[in-house]
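Shown below, as structure tokens, is a lone chain in the form predicted alone; questions about how it binds or moves come after it.
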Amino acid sequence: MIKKYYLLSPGPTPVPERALSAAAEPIFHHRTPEFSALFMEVTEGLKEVFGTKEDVYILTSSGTGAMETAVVNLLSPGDKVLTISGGKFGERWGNICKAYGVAYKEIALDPWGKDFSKEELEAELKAMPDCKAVFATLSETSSGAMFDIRGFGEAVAKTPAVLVVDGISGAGVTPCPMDDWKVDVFLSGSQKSFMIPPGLAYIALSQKAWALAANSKLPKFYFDLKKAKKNLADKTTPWTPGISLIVQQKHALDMIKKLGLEGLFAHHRVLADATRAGVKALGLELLAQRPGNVLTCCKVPAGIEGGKLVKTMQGKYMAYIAGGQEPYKGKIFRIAHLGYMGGFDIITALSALEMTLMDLGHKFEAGAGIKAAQAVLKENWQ
């Protein structure tokens, strides 16, 4: 039997055929009018997705590079900050701060998937009047949870601190208009809803954040946004950019523009609703109190080893979902539904999941997950 590969992970995500083929086009030099025109077109497209009038800077790095960029451009040694950690990626904010000598207080949400409210953040800020920044996550990819960034923005805006948001998996999936929601630093990565391969990261700063950055004393060279700002005025980058990736991003942004942001958000909502309906019909429980539309994170059924579930789906059925990360390794699994995915990708994912659960002895009505997802998709098919 021919076995096809199905990419159902929360990153990297599938790449549209037109964007894939664009990478095979002849390379051209980046210090040219041709590149500058392309570069500025992509930059403007990113601003629309970010919901900002501020400039968006394109970094040749993974999303973690943008996270480090935020820390080193805003802060100085000994500055006090808050990090909201609801999983592995919220935890990363604290790890970066620690590496640079920033005094951070980690708000560790236990268990993963637990929500954190605007009111709780207001209380934390009141107890730390000298806080310089709050580091948060729009979509915590390790748990499937979505956070109240709008509420966080309202809370932080009343203080001298800035709000920094990791939108690596959430941007383009769920609303988070940077300017309207008072987000001071917003960042994302190319391999999620932006629908191209890994290798580019995106970051934008509010004027409040730039004022803080003016006094930053942390060491920086490659990730110095002042250099990026100066070069953007000349329609270029300070360092060699990922030319082919930027070409690919242009084509993917064309798709996003044609669909429209509201259409893009609705697309992800339908896929998420269908997936959640499917897994619940199989008797599975979600991890997150406030699940988002990036991925569905499920608890592994009792009596089944999570690692074996993931390996069976990947090895036998070629459906590449993601497992849990420590300390949830073997306890959860994650099915993504973001970027260049469609309704029948969800049917494929649930079909592979049902077959895997049958193999591992989980009892359920065969076809129940697929049927539940089909009902959601059919109702919303346009």
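Only a predicted model underlies this, so the values are computations on that prediction, with no experimental measurement involved. Position 1 is the first residue in the sequence shown; the rest follow in order.
A second form of this protein, the form predicted together with a small molecule, is not displayed here; the remarks below concern that form.
Student: Verify the flagged residues S9, T312 and T348 against the small molecule in the predicted bound form: is each one within 4.5 Å by a non-hydrogen atom?
Tutor: Heavy-atom distance to the small molecule in the predicted bound form: none of the three under 4.5 Å.
Student: Could you tell me which one of T275, S193, T141, Q248 places a heavy atom within 4.5 Å of the small molecule in the predicted bound form?
Tutor: Exactly one residue meets the criterion: T141.
Student: Of the residues F116, F152, F89, Y202, which one places a heavy atom within 4.5 Å of the small molecule in the predicted bound form?
Tutor: Result of the distance check: F89.
Student: At 4.5 Å between heavy atoms, only one of the stretches 166-174, 298-306, 226-234, 208-216 reaches the small molecule in the predicted bound form; which one is it?
Tutor: The contacting stretch here is 166-174.
Student: Do M67 and the small molecule share at least one heavy atom pair within 4.5 Å in the predicted bound form?
Tutor: Yes.
Student: With heavy atoms only and a cut-off of 4.5 Å, decide whether G339 touches the small molecule in the predicted bound form.
Tutor: Although the small molecule is absent here, G339 would stay clear of it in the predicted bound form, with no heavy atoms inside 4.5 Å.
Student: Does any heavy atom of S62 come within 4.5 Å of a heavy atom of the small molecule in the predicted bound form?
Tutor: Because a heavy atom of S62 falls inside 4.5 Å of the small molecule in the predicted bound form, the answer is yes.
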